[in-house]
Ligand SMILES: Cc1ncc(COP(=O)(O)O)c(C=O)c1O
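Below you will find one chain, with nothing else, as structure tokens; this is the form predicted on its own, and questions on how it binds or moves follow later.
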Amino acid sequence: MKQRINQIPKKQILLGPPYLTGDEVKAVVGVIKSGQLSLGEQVEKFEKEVARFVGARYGVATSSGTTALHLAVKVAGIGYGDEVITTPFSFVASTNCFLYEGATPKFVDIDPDSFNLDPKKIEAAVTRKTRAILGVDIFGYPAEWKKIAQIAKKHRLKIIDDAAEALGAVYRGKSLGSLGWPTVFAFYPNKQMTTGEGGMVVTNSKAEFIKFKSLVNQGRAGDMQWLKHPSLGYNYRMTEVAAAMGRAQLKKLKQFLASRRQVAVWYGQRLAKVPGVNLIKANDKQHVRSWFIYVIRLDKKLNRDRVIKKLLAAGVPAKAYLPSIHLQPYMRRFGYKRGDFPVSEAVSASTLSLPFYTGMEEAVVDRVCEKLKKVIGKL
């Protein structure tokens, strides 16, 4: 890969910096010099290129993964009084996106190995108010989409795939984004590739594509007449600057993914036999993970929060990934309480993310692992 320009100090360990080169600088400067900062060709080209990469017919770029999720909810027709089945173990955006429309979360507990929605528990949660299943490919590991699709078909439910952490992941030989329902990707700086902030929803439906394009741009008509607004929309547009950066990143994405796989291998080799440390689910014939972050799960005998505190004191940034959504303060109005989803809560209490990024050197992985071993040994 080309040399990164955002250099990392030799003695400093960072959690998840992006990999930026002169390509991104050149692309961004080119847009600035052009004077076309919005609604230009960079966004349209980026949409087509991402859609082609994941095997979808259409892509619509947005200002963030969260806004892309909101558009997917709008186009699915989810509204006030509806229920959406989803996972409690995720970043809050996967629930917030339908709360924006007045819908109610119907959480289903997760599989203890994959940390994704447990298909065996989904059908019992379906009611007459259920309108959709929103699955999350947590930490880049594909959800059980075949089983989810079977349940959705039986009950005539919409499907939305939150693949914000899973660009490049493969399920049963197909890239996420090509499975036949709206799929959302995100390009925050710690993701597999970045546009600074930004997201994209892809679809195989021309009708959905037309709706997405209108909603992302203030509800404007397809002919793009400036002050013609047939529907209520949003300013969820991606800028030309962000799209240009994204196009430069996308050209190197396969290299980025390979680098992240290698870093994950190094971690796995060093942590496989560390007492108290459990590695997350590996790939199999049906699931190919796209490495977003590197998460480990600690045994019950270890206090996860204390481990994080000790790591931070040793110069290793680590974070709790992820709190269960149903226990967030703002979710109390729905009546959820501790103990409702024991698997999610147990995983939330025991998982943490270690430094992980594209281009991470093996020596840095060694330092992180040695410090982790020392912390665990003392505890």
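Values in this document were obtained by computation on a predicted structure and should not be read as measured data. All residue numbers refer to positions in the sequence shown, first residue = 1.
One more form of this protein, predicted in complex with this ligand, exists but is not displayed; see below.
- Comparing 308-316, 335-343, 62-70, 38-46 against this ligand in the model of the complex, the single stretch with non-hydrogen atoms within 4.5 angstroms of it is 62-70.
- Of the heavy atoms in residue 133, none are within 4.5 Å of this ligand in the model of the complex.
- The shortest heavy atom separation between residue 90 and this ligand in the model of the complex is within 4.5 Å.
- Using a 4.5 angstroms limit between non-hydrogen atoms, residue 117 is distant from this ligand in the model of the complex.
- By the criterion of a heavy atom within 4.5 Å, residue 198 is counted among the residues contacting this ligand in the model of the complex.
- Checked against this ligand in the model of the complex, the residues 202, 164, 243, 143 give one hit for a heavy atom within 4.5 Å, which is 164.
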